[in-house]
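Have a look below at one chain only, the form predicted on its own, in C-alpha cells format.
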C-alpha cells in the first residue's frame, strides 16, 4: 500500500488525497485559513506551508537510493508547498511546523503579512473567542507587529443583504465566502472587488446578498469580516453553552447547535453530519430561536365565560382534562398528533388514549409544494412526518380532518398551528371541546378551550425522523421551571452556568417557562384516569418504542449518539407526500 512519512511517522493511504486534509484526518495540525473540506483549494492564504520531498528512485530498477546511513535520499522541493493543494504521492516525506524550524518561520512570516492591515479590534469583534485568525496568531504568529505605518481602511458596517453585515477591514481575502456562493449554494452573488491590499468581498452594484444560505458565509469566515446581522453584538461565545440539536423548521433534519445564555437561545449554527447536511444549514432555520424564546405558553390556561382564557393551576388543568374525557365515550374523542412533535411525544399520546379506548389517530402533513430546493430546504415543513407515520398515525387532508372534527365531541390536539397554517378555522372548532397541547401562543392555542403548555425541542431530549427516514435526536438546552442544568445529565453547562448563582445579574428566573414534557403530563393523566400506562424519561420511552414498533427496531439513544442518527429500514423520502 502507498505510504507517506509526516514528521518522521509512517502512514498508509488510498487514492489521491490532498496533504492538508490527510494531516487533519490523522489528528495532526497545520494552520490554514482559506481551505474548507467542502470546497476547492485555491491556496490563497499560503498559511498551510509545509516542507515536502520525495525519495530519489533509480529509474532502471525502481529501487530507492540510500545514503551512507542506509536511509532514503530525499529530494526536497525547492520551495515550501501549500499542503491544501498538494496531492500525496507514494513515498512522500513531509515536515510540518512541529519538526521544522524552517516551516515554523515560513508560517510565522506569512501570518505577519496577513496581519499587516488587520485591525486590532478583537475586544469588540463578534468573532472573538471562536476566530481562527485570533487562535492561530497566538499559536503560530509573531508576538508583536513591526509595522508602524497607517493601516489601509476599508468599508465598515456594509449590509450585504438582510442577514449578513461586512466589516471589510478584517477581510484576509481567503475567498471562502465567494467560493461558497459559487460551489455550494450556486447563487454567485459574491465576488472580490478591487485588487491588492484594497480588495474585499462584495455583491454586484444594485444587488443584495439574499442567498437562502447566506449566513453560512459567516460560519466559515475565518475572521470577523462577515457577521450575522441578527446576532451581531448580542453575546460572546464564552458566555453561551453549546448544545447539539435538530432543525425543526423543515423535514431535512439539519443538525444544529443551540447557543444559550441565561436560558435564552441566542443563535443556531450548523453542526456537521456527513449523512444529512454536511457543514451547512438554511437561513430560515436560524430563526427557530424565536420559537424557543418568544410567545411561549407558560402555565395552563382555560376558557371561562365564553371566549376568555385565564391561567389556571396544573392540578385544575389535569382535573379538567380528565373530567372532560370521563363525560364522553372514546369514540367521541378525536386525537390529532403532529409531525412537528417528536416520536416520543406522539407515542405517549397514542399509548394513553389507546389504553383508554381510542382506536384511530390522525395528523395533517405540513407540505408546501415547490418550496424545496434539492439541497436542505424541503417541501415538507415538519421535522417528523415519517416518525408519526411509522407510529401508526394516519395522514388526513384538510377536508377529512374538518369532517372528523365536526363529528367529535372532544378534540385533543398536539399540533399548535392548525389554524395558523389554515388547516382549519376557529369556526370549525366551536362545537367540540378542544384541548391543545402547545409550545407557543398561536391562533390555535387562543381558540382552544384548555391549553396545556409543553416543552419545545430546546427543552427536552427527543427524536425525529427526517424526510430520508433517518432518526436523530435532540438534547435539552434550556431549563424549565421544573428542571435544573446541574442535575440533568443530558444538559451541558456553559461558563456562566458553572460559576453563576441565582443572585448574579446574568441569571433571570423569568426566562424559565412553566411547561412540562408531553409524556410527563400523560403520566399524570393516566394515573388520574386509572389507566395502566406509565412512562419513564424519554430515553426509556424510545427503548419501549423500539421493542413494540417494528419500524424502530434496534433504535436507541446510544446508537443515535454514536452513529449521528440511524437510517430506518422501510422508510424513504417518497413516503412523505404519500
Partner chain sequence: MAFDWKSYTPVIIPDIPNLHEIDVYVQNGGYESLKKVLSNDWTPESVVNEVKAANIRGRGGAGFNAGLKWSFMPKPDGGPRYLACNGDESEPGTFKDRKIFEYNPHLFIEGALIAAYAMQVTTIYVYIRGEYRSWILMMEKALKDAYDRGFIGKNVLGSGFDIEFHVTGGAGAYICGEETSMLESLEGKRGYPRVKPPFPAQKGLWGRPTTINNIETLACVPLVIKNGADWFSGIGAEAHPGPVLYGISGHVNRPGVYELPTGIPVLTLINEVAGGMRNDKKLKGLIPGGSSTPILRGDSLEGVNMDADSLREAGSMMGTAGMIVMDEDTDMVEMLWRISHFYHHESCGQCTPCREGTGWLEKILIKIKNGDGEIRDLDLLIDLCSQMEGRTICALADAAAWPVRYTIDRFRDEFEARCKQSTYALA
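The shown structure was predicted, so the numbers you read here are calculated from the model rather than taken from an experiment. Residue numbers count along the first chain shown, from 1.
One more form of this protein exists, namely the form predicted together with the partner chain; it is left out here, but the text below deals with it.
Stretch-level contact analysis of 441 to 449, 457 to 465, 198 to 206, 305 to 313 against the partner chain in the predicted complex, using heavy atoms and a 4.5 Å limit, identifies 198 to 206. Proximity to the partner chain in the predicted complex, defined as a heavy atom within 4.5 Å, singles out one entry of 172, 95, 334, 317, which is 172.
105 is the sole member of 105, 484, 427, 406 with a non-hydrogen atom within 4.5 Å of the partner chain in the predicted complex. Taking non-hydrogen atoms only, residue 135 never approaches the partner chain to within 4.5 angstroms in the predicted complex. The partner chain is not shown here, but in the predicted complex it comes within 4.5 Å of a heavy atom of residue 109. Although the partner is absent here, residue 44 lies within 4.5 Å of the partner chain in the predicted complex, judged by heavy atoms.
The closest non-hydrogen atom of residue 269 lies beyond 4.5 Å of the partner chain in the predicted complex. Annotation for 375 to 413: no interface residues with the partner chain in the predicted complex [heavy atom within 4.5 Å].
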